[in-house]
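First comes one chain, alone, set out as structure tokens in the form predicted on its own.
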Amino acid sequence: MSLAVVVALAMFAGIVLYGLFGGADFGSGFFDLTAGGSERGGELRILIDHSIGPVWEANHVWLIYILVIWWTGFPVSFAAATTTLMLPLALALVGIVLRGASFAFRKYSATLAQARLFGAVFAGSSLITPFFLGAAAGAVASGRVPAEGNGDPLDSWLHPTSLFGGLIAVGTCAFLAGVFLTADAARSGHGVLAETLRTRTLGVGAATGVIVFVALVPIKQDSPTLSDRLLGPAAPLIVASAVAGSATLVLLLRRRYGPARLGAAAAVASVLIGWGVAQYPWMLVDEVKIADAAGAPATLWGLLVVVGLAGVIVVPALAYLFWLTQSERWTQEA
């Protein structure tokens, strides 16, 4: 395995982790948006604030990690993607900024009208951010980002692969969030709310599963390189995702919320890893391979040192934070 592939794998690990942790974070916006009025949806919104409050900023560590490795380790492909996909990436960034600001401002709103406004911005931006990130990923995977950059600013991502990529991103985020919020509601003694979330999460999970497999049909025509590998080397992972997703739905039906969280994470991780396997060995599909996109060996070695230090310094701290938010003491304070 070449040095460039090792660094690319380290970057892709960050994508999977951001998809899981950031995805569950973003997906809470769907349930906030559909919670109902201020009285009917108050209990759910309090649960969302309590569940994601300690971690919603920490999850962006993985996005920073991905961008730094891509920018420094594979600079030409980074420049090509950012110049071509400036619009969806800018919209995703706007969503991240609006989401963070509105989530904070809602807590300190002076009036109910202000709280509703900031709540709507928080929920809406929680949906548009994963959509545009998924659309950008679809553009790269479909081979519409030219190696020299400055590709068509609209046609590069307004096509079936990107649009389905955005929808799948939104659906998987909502599914992850639903499973985790249902478990949190049950653990903190909100039985009625847990049942409501359980029913809605079952619907979201089933709809997302259908979208994932329906998307394979237009992707076959729209992105043949990606499709051939999705149905080839990546097929076992797609099947694994279907099995894990189905198992999660069964566990939700049986109210086994703890194992359901593991199943949901496995289903989403399998989809993401399947995408990575399907895209390999390309950095920009049909344009630039990983080996050709890599920067200087000294830079790549430096990045691996940084990744190792992050594993020692950052990962334990994040693991402790997530463990703490799942502890009985934290639950009793809900």
Partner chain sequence: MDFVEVATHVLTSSDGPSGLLPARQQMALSLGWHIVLACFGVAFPTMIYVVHRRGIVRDDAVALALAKRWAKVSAVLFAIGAVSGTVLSFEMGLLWPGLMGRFGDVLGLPFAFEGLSFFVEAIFLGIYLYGWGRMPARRHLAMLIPMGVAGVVGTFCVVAVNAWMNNPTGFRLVEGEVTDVNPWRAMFNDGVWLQFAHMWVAAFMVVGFVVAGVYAAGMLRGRVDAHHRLGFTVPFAFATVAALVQPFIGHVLGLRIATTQPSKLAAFELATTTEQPAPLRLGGILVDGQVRGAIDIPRIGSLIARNSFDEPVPGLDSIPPGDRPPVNITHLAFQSMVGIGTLLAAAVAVYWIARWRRRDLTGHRWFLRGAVVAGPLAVLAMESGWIATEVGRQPWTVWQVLRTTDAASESAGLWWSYAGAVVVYVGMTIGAVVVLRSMARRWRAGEEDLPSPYGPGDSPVDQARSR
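Positions refer to the first chain, counted from 1. Being a predicted model, the structure only gives us computed values, none of them experimental.
The same protein also exists as the form predicted together with its partner chain; that form is not shown, yet it is the one meant from here on.
Its partner chain in the predicted complex comes within 4.5 Å of a heavy atom belonging to residue 75. Contact check for residue 34: every heavy atom lies farther than 4.5 Å from its partner chain in the predicted complex. Interface residue remark: residue 83 is counted as part of the site for its partner chain in the predicted complex, having a heavy atom within 4.5 Å. Its partner chain is not drawn, but in the predicted complex it has no heavy atom within 4.5 Å of residue 274.
Stretch-level contact check against its partner chain in the predicted complex with heavy atoms at 4.5 Å: of 169-177, 139-147, 89-97, 212-220, the positive one is 89-97. This chain is drawn without its partner chain; in the predicted complex, the residue among 101, 250, 186, 262 with a heavy atom within 4.5 Å of it is 101. Contact with its partner chain in the predicted complex, defined as a heavy atom within 4.5 Å, holds for exactly one of 199, 109, 246, 225, namely 109.
Although its partner chain is not shown here, in the predicted complex the stretch 2-40 places heavy atoms of 38, 39 within 4.5 Å of it, in sequence order.
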